[in-house]
Every structure is written in structure tokens, then in C-alpha cells.
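One chain comes next, on its own, written as C-alpha cells: the form predicted on its own.
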């Protein structure tokens, strides 16, 4: 297929694109830095403006978006997070309409933040939450409704915390934990729904290749409390984890963004299981041991 990809140079994209290239797909990468993208993926066509998108588009994988946990959320930052997802995706949908392309399949980025930051366990049938992250995810998903109406098969990738040693949350945590400075956040009872990067990529390829699958899919392999995750990572790096970061400290220094660290919920991948995908890493200890190696 000829696949249009946004966010391809990010943490997840850097793992996904080599697999797509190995499967002999033709890749068109929309990026803010074409030179860097060409260094990473010399076989891909790299474009920086939607006006430069031409020709057929068989599939779209829309992962664009600045890191939601990269900086504290003031109003300017919140707008940047929205623009990097929603405004960019709107430009994509408009351009596809201009060149009269209706992709057969769209993998639309989203996150488990869609359900809100706290509460009981949820599955794909549950409604969106009301906090900032939930509205961000819901609005991002809604952008591609014109493609649904035009006949595209759309899968919404409601992604949990993706574990990889070269990006995301785990990369930030590895050094302090290896130095024996790891510890729980707040009371440690907040839930964390996680998935190994290899499972994320394999699940995305599974959804891409099965024509009968559409709608929302929770990309999560399991859920543990922050305290349980702390103990598991400490075991993986063979270090103690006696530190404790008080909730008040995080709220003072991170503001609204602290809810990403202090709240969480179990997200159950009902639709993914029904689709026939078998998770590779179901044990957090196994996933962390694999990544730490």
C-alpha cells in the first residue's frame, strides 16, 4: 500500500516505520523536519506541507502530536497540544478531499486519556471523560469523521503508556531507578495501563491488515498501580526504590499536568482481544526485563 504517516519520527513511529518498510509498503511521511526524517527513513517520501501531497493514498496512520507530558500545561501549551494534533489532522483531511483520495483504512491516533483521568475500569464502550486530556482525545478522533463518512475504515488507537527503552515514560525513569532514586508518586494507588512497544506495533499492523476491523481499540496489555510498577521496575534494574515524591510537590511544579502522574485507571482492551490479536507481553515483569536488557 501507499501509506501516509504523520508523527513518524516520534518514539512510536521510529519502531513502526521499519516494520512497514520491511513489508514493502510505500511510505509518505508528513514531518516538520524533512532533513531529519530522510536521515531516519531514506526510503520514504518526506513532505513538510500538505500542498505537496499528491497521488493515491491507500492508508493513513495519523500519530502526530507534541508530547503531552513534555512540559507543564499552561494555556499556551494546551493550545500547542491541540494544534499539533487537531489542526494538523484537519489540514490532512482537507488535503485528502482536495486530491479526491478516500483511504481504504485510517489508523487514527488517540489515547486512553479519552476516558478521563480517574474512575473504575473502562472498555471501548465507555464514554469520553471531561478533563483536558479527554477532550483533547475526543476532538482528535472527531477530526477524521469526514473520512468515515466518505467510506474509510477507521480504527481509533486509544493507546496506554507505551513501554520502550528509547522513548516515552520508561526512558525518563530508567536512569533515576538505576541510580537507586526511584520511588512511588503520591500515594501510589493510581492505575497505569501499559503496553510494550513491540505489542503496540504488532497490534497496529494487525488492525491495518484486517479489513473487517474498525472503531475504537484500547491498546493496553495490562494495568498495575503506580506502587506496583515502581516495585517491578526496581526489580528489573536490581536496585531499591525507597524514594517517594509527594503529590503536593508534583502539583506545585507541574500544575494541571500532574494529573497524568497522580491519576489513572484500568483500561481493558475488549475489542483488541475480540479482534484475534494475542498480546506478546502480558507480564509487566517480563516486559520490563526484556526492555532493560
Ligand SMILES: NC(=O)c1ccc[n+]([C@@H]2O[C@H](COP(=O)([O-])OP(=O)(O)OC[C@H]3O[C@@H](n4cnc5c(N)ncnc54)[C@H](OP(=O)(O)O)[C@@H]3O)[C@@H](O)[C@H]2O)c1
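None of the values given here were measured: they were computed from a predicted structure. Residue numbers count along the first chain shown, from 1.
The same protein also has a form predicted in complex with the named molecule, omitted here; what follows describes it.
Undergrad: Going by heavy atoms within 4.5 Å, which of 117 to 125, 143 to 151, 157 to 165, 95 to 103 lines up against the named molecule in the predicted bound form?
TA: Answer to the contact question: 157 to 165.
Undergrad: Consider residue 110 of the chain shown here, and say whether it contacts the named molecule in the predicted bound form, taking contact as heavy atoms within 4.5 Å.
TA: Looking in the predicted bound form, residue contacts with the named molecule include residue 110, since a heavy atom lies within 4.5 Å.
Undergrad: With the partner left out here, check for me: in the predicted bound form, does some heavy atom of residue 16 sit within 4.5 Å of the named molecule?
TA: Flag for residue 16 set to no.
Undergrad: How about residue 66: is it within 4.5 Å of the named molecule in the predicted bound form, going by heavy atoms?
TA: Output for residue 66 is yes: heavy atoms within 4.5 Å of the named molecule.
Undergrad: Taking any heavy atom pair closer than or equal to 4.5 Å as contact, tell me whether residue 258 reaches the named molecule in the predicted bound form.
TA: Heavy-atom contact with the named molecule at 4.5 Å: absent for residue 258.
Undergrad: Of these, 36, 54, 49, 238, which has a heavy atom no more than 4.5 Å from the named molecule in the predicted bound form?
TA: If I apply the 4.5 Å criterion carefully, the residue I get is 36.
Undergrad: Quick one: from 204, 221, 88, 192, grab the residue that has a heavy atom within 4.5 Å of the named molecule in the predicted bound form.
TA: Answer to the contact question: 88.
Undergrad: So which bits of 11 to 30 sit within 4.5 Å of the named molecule in the predicted bound form, heavy atoms only?
TA: If the 4.5 Å heavy-atom criterion is applied to the named molecule in the predicted bound form, 11 to 30 yields 11, 12, 13.
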